[in-house]
Ligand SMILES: NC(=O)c1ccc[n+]([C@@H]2O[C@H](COP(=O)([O-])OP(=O)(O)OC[C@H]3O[C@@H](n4cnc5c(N)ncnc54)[C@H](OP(=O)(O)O)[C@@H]3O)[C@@H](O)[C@H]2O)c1
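Heads up, the chain below is alone and in the form predicted alone; it's given as structure tokens.
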Amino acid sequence: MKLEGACALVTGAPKRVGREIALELARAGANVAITFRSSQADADHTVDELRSLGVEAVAIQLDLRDRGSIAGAIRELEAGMGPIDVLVNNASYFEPTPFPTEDHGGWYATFEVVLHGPYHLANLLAPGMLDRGRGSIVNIVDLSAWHPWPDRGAHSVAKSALLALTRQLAVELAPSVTVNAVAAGPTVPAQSFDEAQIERLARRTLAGRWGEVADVAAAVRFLAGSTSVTGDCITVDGGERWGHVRERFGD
């Protein structure tokens, strides 16, 4: 699919990986809408960067935990920018969800953002994509889609389900719309990480270092424009998925 002149929506994209994905799609000539939940200043700055690349860009506040606001956000975006051709479900929710527990709020919030939000967005945008005979959906997952993480059960299960949803939607929307995933490894350290945590995560990859955000964005750009790849996942994690093998058996 030709990205030049297309319209892309990237959720959770005022900064970090989402921002770079939005910029990469803009470099390919796509007009880009981004969503943000609370980072208004970062979102405005990213929109300025996008527009400097010669494309249309807009930021809209959207909390995927509020299902009622999703349809309104899509109507607003398409009224201003036209039909959405590319959907990138990048927004995530990451907080401890130990088990067993008496507080289930984190579990449900995680699923609203990571799984149900992408489901409802795809459901709203797919009819138009099918009518136009083209479209692409790219879901961002990570290692937890395969490997459970202690105290992060909601995130692990939701990302695994998002990967399953990727395959399901690829079947449902074929042949006009491609649906794929990108599994990102360590790219941008959280502000709360100390040097020991950053080094430990680097050692956990086969590459022995943190990955480049640009590589994740490039994978998304490739999948967004591809008509030959669907129902698949590109892993961009520096070998994080297999790092435990080297750790277990030695170099």
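This is a predicted model, so every value here is computed, not measured. Residue indices: 1-based, along the sequence shown.
Absent from the display: the form predicted together with the named molecule. The rest refers to it.
Heavy atoms of no residue among F111, L169 and V229 are located within 4.5 Å of the named molecule in the predicted bound form.
The partner is absent here; in the predicted bound form, the one residue of A59, L62, A26, A219 having a heavy atom within 4.5 Å of the named molecule is L62. When contacts are judged by a 4.5 Å heavy atom cut-off, I140 counts as touching the named molecule in the predicted bound form. Proximity of A224 to the named molecule in the predicted bound form: non-hydrogen atoms within 4.5 Å are absent; the residue sits far from the partner. Residue contact with the named molecule in the predicted bound form: P14 places a heavy atom within 4.5 Å of it. For the chain shown alone, A91 is a contact residue for the named molecule in the predicted bound form, at least one non-hydrogen atom being within 4.5 angstroms. From the list 99 to 107, 152 to 160, 76 to 84, 123 to 131, the contact stretch for the named molecule in the predicted bound form under a 4.5 Å heavy atom rule is 152 to 160. Contacts of stretch 185 to 212 with the named molecule in the predicted bound form, defined by any heavy atom lying within 4.5 Å, are made by G185, P186, T187, V188, W210, listed in sequence order.
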